[in-house]
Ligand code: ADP
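Shown here is one chain on its own, the form predicted alone, set out as structure tokens.
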């Protein structure tokens, strides 16, 4: 018995096949180009296996409302060719098997919750800080979704007193993604984020924005663990800065675990989204 996984990103698709114990048998990377070309390579890969189900974690926005006529679609993405793409329908036409469908960050949250840094917790939040900022939450053993999926990167936050940057989001001048994502950092400093030294004053601004967001998520969701991933968080020195700023902003208003255990790195070495997709594929069979 094989399960399939598609971690669909704006730059690349990571596809994998696992056995029934979720051991990965084969994995490939496919550049994200036009849907027809990208999906042709996806199908070529999966055609080598007899799959029982597929789990898909996709870049968004996507429609996750099963009552919607456009359930399974990528909706208003600026990614060329992918707006209004019937992702689930396209895969279903090729493989008439059960398909689990969610966002890439929800898949990462689920992977970390079941197998990674939050596997001993009852709830968690996963936030990716990279080309964009997005978050997924696991509450009561399930992925948090409602009429649609959360857009945690677009919460509005207070500007840092020393930050004169206007923001990089075309929709909101002071949302988290517009102020703290990788492209926002690069536009602000006119250079790559990893060009900054660890003691550069800018990191105090970045930590302030991320900590402020985590305080808001804590108040609303009360997760047991918060996991921070994505390219910006490869700057490991950010973690103690964020924890310190979080403590300053929270002012001990609510109880959390020790912050070193509460705000943590991913535990699956970059495979959290892929493993989440495989887990969801397996869940789809067990329903």
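Not measured: the values here are computed from a predicted model. Residue numbers count along the first chain shown, from 1.
Below, we turn to the form predicted together with this ligand, even though it does not appear here.
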_116, 227 and 264 each touching this ligand in the model of the complex (heavy atom, 4.5 Å)_ = no
_Option from 31 to 39, 232 to 240, 217 to 225, 251 to 259 whose residues, in the model of the complex, bring a heavy atom within 4.5 Å of this ligand_ = 232 to 240
*Using heavy atoms only and a 4.5 Å cut-off, determine which of 204, 75, 174, 131 is in contact with this ligand in the model of the complex.*
131
*Using heavy atoms only and a 4.5 Å cut-off, determine which of 194, 83, 122, 93 is in contact with this ligand in the model of the complex.*
194
*Does residue 186 make contact with this ligand in the model of the complex, using a 4.5 Å heavy atom cut-off?*
yes
*Residue contact check: residue 20 to this ligand in the model of the complex, 4.5 Å heavy atom*: no
*Flag residue 98 as yes or no: does it have a non-hydrogen atom within 4.5 angstroms of any non-hydrogen atom of this ligand in the model of the complex?*
no
_Against this ligand in the model of the complex, would residue 167 count as a contact residue? Criterion: heavy atoms within 4.5 Å._
no
*in the model of the complex, which residues of 160 to 182 put a heavy atom within 4.5 Å of this ligand?*
182
